[in-house]
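For reference, the chain that follows is the form predicted alone, supplied as structure tokens.
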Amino acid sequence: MVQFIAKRCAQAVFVVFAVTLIVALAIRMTGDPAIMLAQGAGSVTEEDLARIREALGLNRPFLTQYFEFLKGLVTGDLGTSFDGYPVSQLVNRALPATLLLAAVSLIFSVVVSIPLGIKAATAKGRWPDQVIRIFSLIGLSFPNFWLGTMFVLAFAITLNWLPASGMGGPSTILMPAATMGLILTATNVRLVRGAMLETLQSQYIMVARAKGLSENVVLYKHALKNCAITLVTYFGLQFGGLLGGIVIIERVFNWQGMGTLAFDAVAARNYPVLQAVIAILSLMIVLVNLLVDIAYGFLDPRIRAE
């Protein structure tokens, strides 16, 4: 098991290195931040731009900048944004908000989709299955920004039950988490249904029923456990996808997380902030995938040998 984990950790380090290098190259192709910072200052000469680049450290070789960033990433010093704020401070404020929103959204989806998926599988071809599949298909058709906007119109403006946007008490997370959770549930219900349909045809399930075990024990202890690898894989990938694709929902609900921070950094060509945000999110996604791989080893020891 130790060798298995060490191998996955080495792969994770390589992935993070590759991602940060590609991002560092890509963001420098978006334009010169010195020009952006000099806007509104009247007539600006090339000498003025050169002084700005020198002050920001942009006149140094790319590899020097990149390895300094890697050093800071390891030590926790992510440098200073172009507007003077410590990047670590910005990330420390935004990251917990994004992790909280992603976690609540995924938990909502898992809690709802597993019972619905099992019900659809056990009622295959009957009306509960048809109803669940129809609602799942409808959910897949909703763009997340549209669904979020409808929630704001319904629950914040019309009914005045929830705050329309911002971060505060527990009520502020309900609509953004429900928006993302419902979109995920539409996919997860179909995943659970498909996995359960295949498992319920297994011989050991028939043996378990022949022994007189209750249907809940057969479904949740035996069948669902056998589907665990498939579900853990997909739920883990979904959490990583949530971390990387949460920008739109954060903008709709003015949720001050990593997505909003990245969006503002792109608009300002703020290299240090954008580079740090993408690196941290990449680390989180790689960590989630690493935990999924480790979970494989516990769920199915045969995978450790691969």
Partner chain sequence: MADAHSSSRTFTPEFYVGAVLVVGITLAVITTSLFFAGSATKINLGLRLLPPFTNWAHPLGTDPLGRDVLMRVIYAGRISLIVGFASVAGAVVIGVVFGLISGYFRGITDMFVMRFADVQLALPFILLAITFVAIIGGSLRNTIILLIVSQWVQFARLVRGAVLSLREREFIQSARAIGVSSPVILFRHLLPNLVGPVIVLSTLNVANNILLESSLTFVGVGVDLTIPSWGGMLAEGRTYLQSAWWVSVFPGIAILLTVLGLNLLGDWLRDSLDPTGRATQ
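In this text the structure is predicted, and so the values were computed from the model without any measurement. Positions refer to the first chain, counted from 1.
Beyond what is shown, the protein has a form predicted in complex with its partner chain; the following relates to that form.
- With respect to its partner chain in the predicted complex, the three residues Trp146, Ile248 and Ile278 uniformly fall within 4.5 angstroms at the level of their nearest heavy atom.
- At least one heavy atom of Val15 is located within 4.5 Å of its partner chain in the predicted complex.
- At the 4.5 Å threshold, heavy atoms of Asn92 stay clear of its partner chain in the predicted complex, well away from it.
- Its partner chain in the predicted complex comes within 4.5 Å of no heavy atom belonging to Arg209.
- Using a 4.5 angstroms threshold between heavy atoms, Phe69 stays clear of its partner chain in the predicted complex.
- Considering its partner chain in the predicted complex, the lone stretch of 217 to 225, 113 to 121, 131 to 139, 70 to 78 in range is 131 to 139 [heavy atom distance within 4.5 Å].
- With contact defined as any non-hydrogen atom lying within 4.5 angstroms of its partner chain in the predicted complex, the contacting residues in 268 to 286 are Arg269, Tyr271, Leu274, Ile278, Leu281, Ser282, Ile285, Val286, given in sequence order.
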